[in-house]
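Okay, so here's just one chain, in structure tokens, the form predicted on its own.
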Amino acid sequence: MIGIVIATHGCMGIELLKTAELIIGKCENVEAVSFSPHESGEELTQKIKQAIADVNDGDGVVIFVDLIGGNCCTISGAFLLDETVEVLTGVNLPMIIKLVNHRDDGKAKDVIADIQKAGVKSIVNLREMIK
């Protein structure tokens, strides 16, 4: 089972996980890591490192981050030295739900493209869609 870490500024990741669980039920092997303004980069690094260790059962880990180029993204990028870790930016609820529902479909590297597509596909201009 692919492990999932949601690393975001503030409580966004915690709330995304709570919302996902409201919709699809308990999400196993998922950890949300919050980055607060008073924390150092080293503290965030340690929190992400621990979360990866907690959720990794051998099929790899996908780290979702909120903002490309932000602290969560930059620090998570360092974990790409491990070939079993993948990082996707711009996390949204459909990405989390898709991965939770399909994380037994292979290794992290095998499903990452589909998860990215699910995130992009979920961004819709409703006015254009209903025309």
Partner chain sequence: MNIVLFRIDERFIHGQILQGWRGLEYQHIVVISDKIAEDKMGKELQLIGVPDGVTACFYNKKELPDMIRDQAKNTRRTIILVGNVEDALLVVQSGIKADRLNLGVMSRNSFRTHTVSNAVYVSPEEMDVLKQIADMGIVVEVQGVERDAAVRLF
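In this text, all values refer to a predicted model and were calculated from it rather than measured experimentally. Positions refer to the first chain, counted from 1.
A second form of this protein, the form predicted together with its partner chain, is not displayed here; the remarks below concern that form.
Answer option from 42, 28, 57, 104, heavy atom within 4.5 Å of its partner chain in the model of the complex: None of the others qualify; the residue that does is 42.
Distance check, residue 94 to its partner chain in the model of the complex, heavy atom within 4.5 Å: Contact with its partner chain, no.
Non-hydrogen atom contact residue 34 with its partner chain in the model of the complex at 4.5 angstroms: It does not: once its partner chain is placed as it appears in the model of the complex, residue 34 has no heavy atom within 4.5 Å of it.
Contact test in the model of the complex: residue 70 vs its partner chain, heavy atoms, 4.5 Å: Residue 70: contacts its partner chain in the model of the complex.
is_contact(residue 78, its partner chain) in the model of the complex, heavy atom dist at most 4.5 Å: Residue 78: contacts its partner chain in the model of the complex.
Within 4.5 Å of its partner chain in the model of the complex: residues from 88 to 109 (heavy atom criterion): Not one residue comes within 4.5 Å of the partner.
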